[in-house]
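First comes one chain, alone, set out as structure tokens in the form predicted alone.
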Amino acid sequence: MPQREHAAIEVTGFAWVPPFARGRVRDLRVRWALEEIGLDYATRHISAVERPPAYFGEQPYGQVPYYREGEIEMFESGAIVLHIAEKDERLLPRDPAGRARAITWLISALNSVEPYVMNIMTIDHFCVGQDWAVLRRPAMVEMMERRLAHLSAALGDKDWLEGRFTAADLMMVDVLRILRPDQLSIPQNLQDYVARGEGRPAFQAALAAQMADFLSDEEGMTA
């Protein structure tokens, strides 16, 4: 579990988020990667409501996660997960071809899939009921479903994108798990793929740690 007093790695997350966002904040990706290879970490909490001004000197956009490991300080979940993956071949193959493919799929999750997911998220959670969102949603769903169909074809009947679990699957699963079958059509092999990822002990440990870190509404909103 995190919060070890002398952990060499520190991950910054939010002290509180609304219920719909719990278990979805992107420091989960970093925690998951660390859990997969058994690295200890401590957590630091900042307010999601009023970001500390000094934090923008670390993370230019005031977002989480922020990662500190000795002299190494990083932001952006994809970069951090890749940094962690470089430490252990369980997350990133050592052979050049396998490594290249895993990195390609990880970037694909962030660049070719997540923007479509965030379009749906914005419409369904942040702009729900607004006239423009109601009008725009069918086109966004169509684009998302087309992208999911291509991903489904690439995955086929494999358990993982490149035959065995890598950091690419970690990232792709976390991107996809925001979507729900009652929102749009998700191919069954992708639903099964996400379920496999969420069933991994390391994911369950990371999720439990993030959920446990959220304080009460009153405490977290003023942290």
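One rule holds for the numbers: they count along the sequence shown, beginning at 1. On a predicted model such as this, the values are computed, not experimentally measured, just so you know.
As for the form predicted in complex with another copy of the chain, it is not shown, yet the points below apply to it.
- Contact check for Asp88: every heavy atom lies farther than 4.5 Å from another copy of the chain in the predicted bound form.
- Although the partner is absent here, Val128 sits far enough away that none of its heavy atoms falls within 4.5 Å of another copy of the chain in the predicted bound form.
- Contact check for Glu76: a non-hydrogen atom falls within 4.5 Å of another copy of the chain in the predicted bound form.
- When another copy of the chain is considered in the predicted bound form, Gln63 lines it closely, a heavy atom lying within 4.5 Å.
- Remark: none of the three candidate residues (Arg22, Ile37 and Arg200) comes within 4.5 Å of another copy of the chain in the predicted bound form, counting heavy atoms only.
- Of the residues in 112-129, those that come within 4.5 Å of another copy of the chain in the predicted bound form through at least one heavy atom are, in sequence order, Ser112, Val113, Glu114, Pro115, Asn119, Thr122, Cys127.
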